[in-house]
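Single chain ahead, written as structure tokens, the form predicted alone.
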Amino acid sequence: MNAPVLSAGRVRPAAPVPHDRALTPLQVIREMGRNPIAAFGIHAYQERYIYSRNWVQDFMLVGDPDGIRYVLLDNAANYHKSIQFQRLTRPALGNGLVNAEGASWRFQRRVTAPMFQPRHIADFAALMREAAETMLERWSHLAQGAEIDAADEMMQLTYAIISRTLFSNDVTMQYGKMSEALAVYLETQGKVSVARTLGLPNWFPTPDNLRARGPLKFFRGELMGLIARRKAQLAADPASARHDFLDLLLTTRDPEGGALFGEAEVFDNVLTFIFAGHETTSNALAWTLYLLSLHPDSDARAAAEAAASSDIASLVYTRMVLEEAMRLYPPAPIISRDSVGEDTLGGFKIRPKTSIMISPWVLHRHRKLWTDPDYFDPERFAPGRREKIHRFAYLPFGAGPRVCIGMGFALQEATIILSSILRRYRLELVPGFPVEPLARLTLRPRHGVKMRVFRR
């Protein structure tokens, strides 16, 4: 069941009910293809390690923060991005920062890191506020109680912000076409399938692969045009450099090796940061607005805080609300790794090529790590309590060397947007609207989030 459920006077936000019986490997593959977060049984939320050997691939689900630290940090060299994950992402993102390994990943991380230093991120705040105000000004012309799709509104806004901040407003992809192409890509390429599990290549003409060709052609045509235009501008007039993310990719040499990105690496990272830079944040905001609509007291408290100050540092409760929303609805619901060599994890001897799954969706709702984990409670992240949460029990942005490079950017952006909205508007979920979390590469609301907008 995905609809909100009342229990002892409290609202359980939309989420699948865990299976109470074990599934066969084929049933798991089928459920993972439909909606991965619905494939987990109740034991996944209770056990620290679940290990199985079968004819498909050895598998381990890790729900122990210390074991997660071992995989993502202490012995990260033995756990590479999984082949299954790369089969989902490589058709669009290629060998960009998300997929690269070893020397290639280290090179890309060194070159892109300066753009996400705190001083650069702080410089983006004015542009983020300006974009949010543009959206809110449009809302001001709506009738009191007018219906919007909050998920789509947040997607439009974060797309505008990523274009303004990282690409100097130079991305010409029309939002509607981009959004439609992204939805098709995620639905066809962003899910587990029997074909991929069996190792069929992405060029194999399955129905999903054929449907994905149009979106991939669209993205390549639009973004290769953007890159070509910018390269021509820089060559004709180096003084016209905008010093944004795209200029960084095109002109910065590796601090250690002196190399420049190749054309493929530039394209892969442009597409990676456009997608990751707006899609995950927009989903987090949509889920936050949904949760606040179910909890009017939290909504009123966050709104009062936003009305009292626009200084990000003073928006303590707003940040608590966002963090709790990302606990219940983590932007990336599944992190997967494959073991390179033999190892011991959680007392189990694991073989090379074992699939190691760390699911923030499961981890953030684990019965041994959280009290009343299915319920919304921003006080978990109150000062003094936030510090007691195990670093590897809460992973909205991952952890270890491969922690999301845009974490600071996303948190600042989400805080500015949420406080801007709450200062002026109250949003209510349309009664009876079916909210359903759907895991693809990210955690999206399957049907959007239809809400009514009221001026405060």
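Model, not experiment: these values are computed from the prediction. All residue numbers refer to positions in the sequence shown, first residue = 1.
The same protein also has a form predicted in complex with ligand HEM, omitted here; what follows describes it.
- For the options Ile356, Leu363, Leu292, Ala284, the residue carrying a heavy atom within 4.5 angstroms of ligand HEM in the predicted complex is Ala284.
- Out of the listed residues Leu345, Val111, Leu97, Ala150, Leu97 is the one that sits within 4.5 Å of ligand HEM in the predicted complex by at least one heavy atom.
- In short, of 334-342, 364-372, 212-220, 298-306 it is 334-342 that has heavy atoms within 4.5 Å of ligand HEM in the predicted complex.
- Contact with ligand HEM in the predicted complex, defined as a heavy atom within 4.5 Å, is made by all three of Phe116, Leu166 and Pro396.
- Among residues of the shown chain, Val321 is not one whose heavy atoms approach ligand HEM to within 4.5 Å in the predicted complex.
- Although the partner is absent from this view, Leu427 stays clear of ligand HEM in the predicted complex, with no non-hydrogen atom inside 4.5 angstroms.
- Within this chain, Phe409 lines the site of ligand HEM in the predicted complex, having a heavy atom no more than 4.5 Å away.
- Among residues of the shown chain, Thr272 is one whose heavy atoms approach ligand HEM to within 4.5 Å in the predicted complex.
- The partner is not shown here, but in the predicted complex the stretch 274-298 reaches within 4.5 angstroms of ligand HEM through a heavy atom at Ala276, Gly277, Thr280, Thr281, Ala284.
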